[in-house]
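Heads up, the chain shows up twice below as structure tokens, two forms, tagged structure 1 and structure 2.
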Structure 1
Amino acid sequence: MIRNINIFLIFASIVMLAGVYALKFSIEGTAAERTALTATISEQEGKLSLLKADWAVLNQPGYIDPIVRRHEAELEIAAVRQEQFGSFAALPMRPAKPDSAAMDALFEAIAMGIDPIDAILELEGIE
């Protein structure tokens, strides 16, 4: 009886030993993986910080302005002048009466099958 129990216990302890060792090694593996990941993250954070710094440099008005200046002639751009600003208040009011004669002429033309837009499209070379 006792003998059987002993044999059982011996096997059980061997199995458990194997289990514990397996667990230990898997944990060590996981820890190593974690360390590697931490290292990768920190390395990538470092690279990211450099990229962010690069981006910040590229975004600086002091960096962009000389580029704009260099291409001023080619792109036909210039600093905005005061006269170029407008506002909604400065827009002329709508005419008091719609130009009914012109509208009538347009509708009649469309009714007759002549669409003025065709002429424009043709001129632009759009089918």
Structure 2
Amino acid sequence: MIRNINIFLIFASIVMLAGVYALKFSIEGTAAERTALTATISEQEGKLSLLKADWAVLNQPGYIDPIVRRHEAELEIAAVRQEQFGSFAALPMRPAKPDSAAMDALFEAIAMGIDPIDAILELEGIE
């Protein structure tokens, strides 16, 4: 009986040992993958930083202005003039002021208890 238990324990130990080795190599593979990803991210951050610096240089007006002047005729572009934005004279006039006498009459009628909607309905012949 003890012999069978010892054989079982030896097999169990061998299986557990194989499991631990498999886990160890799996973790080493994951760590190597993580290290490679970290290096890739670092490299891409360096490239992004370089691209941001290039973009900042290329967006400076001192760099863009000579290019625009060089291609001004081909692109048919010109500097914006004030006339393109319109003038105050082109703005529409304010709407006319409301008829204050009619509004006062309306409020007096309402204050006296006359419903102006009923008066309109009576004129239209609607009950």
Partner chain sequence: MAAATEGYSPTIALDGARKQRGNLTQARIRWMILGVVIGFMLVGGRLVQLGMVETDQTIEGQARDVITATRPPILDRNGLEMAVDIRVPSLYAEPRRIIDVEEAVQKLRTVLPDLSETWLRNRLTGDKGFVWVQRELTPAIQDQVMRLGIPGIDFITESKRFYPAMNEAAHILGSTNVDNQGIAGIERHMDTESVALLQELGLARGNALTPVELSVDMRVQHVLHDQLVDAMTRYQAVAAAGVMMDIYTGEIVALASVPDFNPNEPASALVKDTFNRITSGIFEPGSIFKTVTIAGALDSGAVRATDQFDARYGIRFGRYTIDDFHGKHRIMSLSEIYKYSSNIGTIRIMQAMGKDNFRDFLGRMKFDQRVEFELPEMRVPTVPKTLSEVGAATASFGHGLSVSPLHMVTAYGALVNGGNYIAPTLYKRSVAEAEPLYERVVTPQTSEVMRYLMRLNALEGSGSQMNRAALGYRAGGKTGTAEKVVDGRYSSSKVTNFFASAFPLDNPRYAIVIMVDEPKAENPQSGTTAGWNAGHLTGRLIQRVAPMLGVAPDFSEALDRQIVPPALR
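For clarity, a rigid core is taken as the largest C-alpha set superposing within 1.5 Å between two forms. This one's a predicted model, so the numbers in the text were calculated from it and none came from an experiment. Throughout, residue numbering runs from 1 along the sequence of structure 1.
Looking at both structures, it is structure 2 that matches the form predicted alone.
Core-superposed comparison between structures 1 and 2: CA of Ile110 displaced by 2 Å or more. With the core superposed, Ala119 shows a C-alpha displacement of at least 2 Å between structures 1 and 2. In the rigid-core superposition between structures 1 and 2, residue position Leu91 carries a C-alpha shift of 3.4 Å. Once the core of the two forms is superposed, the Cα of Gln82 has moved 5.5 Å between structures 1 and 2.
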